[in-house]
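A single chain comes next, written as structure tokens; it is the form predicted alone.
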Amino acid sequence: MQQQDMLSRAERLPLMLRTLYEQYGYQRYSMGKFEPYDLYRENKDFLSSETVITFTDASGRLMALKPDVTMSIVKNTRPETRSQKLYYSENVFRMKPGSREYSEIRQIGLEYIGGRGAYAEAEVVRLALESLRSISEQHVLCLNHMGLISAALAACGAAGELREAALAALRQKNVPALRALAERGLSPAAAERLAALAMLSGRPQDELPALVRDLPEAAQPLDELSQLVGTLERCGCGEQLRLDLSTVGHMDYYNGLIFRGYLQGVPRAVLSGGRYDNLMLRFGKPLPALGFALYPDELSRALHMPRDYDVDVLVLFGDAAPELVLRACDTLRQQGFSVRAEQEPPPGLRARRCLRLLVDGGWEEIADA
């Protein structure tokens, strides 16, 4: 029955998160499936996948199946907006990680448009933690600040192609690639500093990095992170926070706090978010904004655990009358079992128990069907 409970939890998750977000005053956002392709062509760097599914509509316009929700929300935010809290549970179209196949997937998340200052960040990070806890108690949320990365890259003299190469290597925790930047123009000391940053990970109160404390540009980002972590710890929800300077977003869009959520046993992040004031500016809307999204493909791995059995009870009814089969199976289902009735054992079916139905309505247990 545990496997059935896990499946039920997976089906209930969108409703659980909807209830959570509405308790904080977030309102449901719904979107259409199509958008002019130019929106994504001009902002491909923001998308997790550079490939977008396109088609030509009846009027000859090149359209796209939406690969992301945040960009749709930003585009449709009214210029006069001052504060807007939205959550969504939408299907988007993108390429699966590690695959060359497109899929329609569920994206669940929230956006706090106009979310300025310490409270907004504490609220969004707390909701990210609560979202992860809805899935599993075994979770961590890794924090970083784009200001720390900017300060470190500037101090190392990384600009242009070197900066992009350093960012890519930081995201992957690729220490050899960072050290190899010394052969492309960085000083050996600067390359070693970036390599050390990539490996820095731990409790924020222990690991606010000495590696960037000597950089004047890092003072404000460090203060913002310290304030955020302190607030969450005083509210009793800081135990699962970690500092990880390899948590890096695109610097043309993200300008402050950034975070990733992980579950035990799932190799990739299941949640991603941060502050994206720069994306708002790119759309001509000078508003602060932050939010996060849950990745359904990764969530399915965490929620749908491998099952030892396909069904609790297999009933083999042979030549028994249909009404006897229905009554016998109803009796078992009323006891809470999942039941499959077959005339003969289906090849490969795994049943916890196998019963043979007798012509008088009784049954006998079969050790091996």
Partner chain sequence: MLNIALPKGRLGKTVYERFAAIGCGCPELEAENRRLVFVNEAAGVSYLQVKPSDVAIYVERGAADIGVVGSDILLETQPDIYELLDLGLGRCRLAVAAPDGWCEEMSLPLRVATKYPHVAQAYYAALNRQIDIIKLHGSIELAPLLGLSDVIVDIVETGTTLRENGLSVVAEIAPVSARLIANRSSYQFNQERVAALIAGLEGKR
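This structure is a prediction, so every number in the text was calculated from the model and none was measured. Positions refer to the first chain, counted from 1.
The same protein also exists as the form predicted in complex with the partner chain; that form is not shown, yet it is the one meant from here on.
Participant: Pick the stretch from 68-76, 220-228, 138-146, 275-283 whose residues have a heavy atom within 4.5 Å of the partner chain in the predicted complex.
Facilitator: Only one stretch passes the 4.5 Å heavy-atom test: 138-146.
Participant: Can you work out whether the partner chain is within 4.5 angstroms of a heavy atom in all three of Thr54, Ser103 and Arg106 in the predicted complex?
Facilitator: The answer is no: none of the three residues contacts the partner (heavy atom, 4.5 Å cut-off).
Participant: I need to confirm a contact call. Of Ser134, Gln172, Asn91, Ser83, which residue comes within 4.5 Å of the partner chain in the predicted complex, counting heavy atoms only?
Facilitator: So the residue touching the partner chain in the predicted complex, by this definition, is Gln172.
Participant: Can you pick out, from Arg116, Arg126, Arg268, His250, the residue that has a heavy atom within 4.5 Å of the partner chain in the predicted complex?
Facilitator: Partner contact (heavy atom, 4.5 Å) among the options: Arg268.
Participant: Is there a heavy atom of Met199 no more than 4.5 Å from a heavy atom of the partner chain in the predicted complex?
Facilitator: Contact with the partner chain, yes.
Participant: Using heavy atoms and a 4.5 Å limit, would one call Ala120 a contact residue for the partner chain in the predicted complex?
Facilitator: Ala120: no, not in contact with the partner chain in the predicted complex.
Participant: Although the partner isn't part of this model, could you tell me whether Arg193 comes within 4.5 Å of the partner chain in the predicted complex, counting any heavy atom of the residue?
Facilitator: Taking the distances in the predicted complex, the answer for Arg193 is no, it never comes within 4.5 Å of the partner chain.
Participant: Taking the partner chain as it sits in the predicted complex, is Tyr87 near enough to touch it, meaning that at least one heavy atom pair lies within 4.5 angstroms?
Facilitator: Heavy-atom contact with the partner chain at 4.5 Å: absent for Tyr87.
Participant: Can you name the residues of 260-283 that have a heavy atom within 4.5 Å of the partner chain in the predicted complex?
Facilitator: Arg260, Tyr262, Leu263, Gln264, Val266, Pro267, Arg268, in sequence order.
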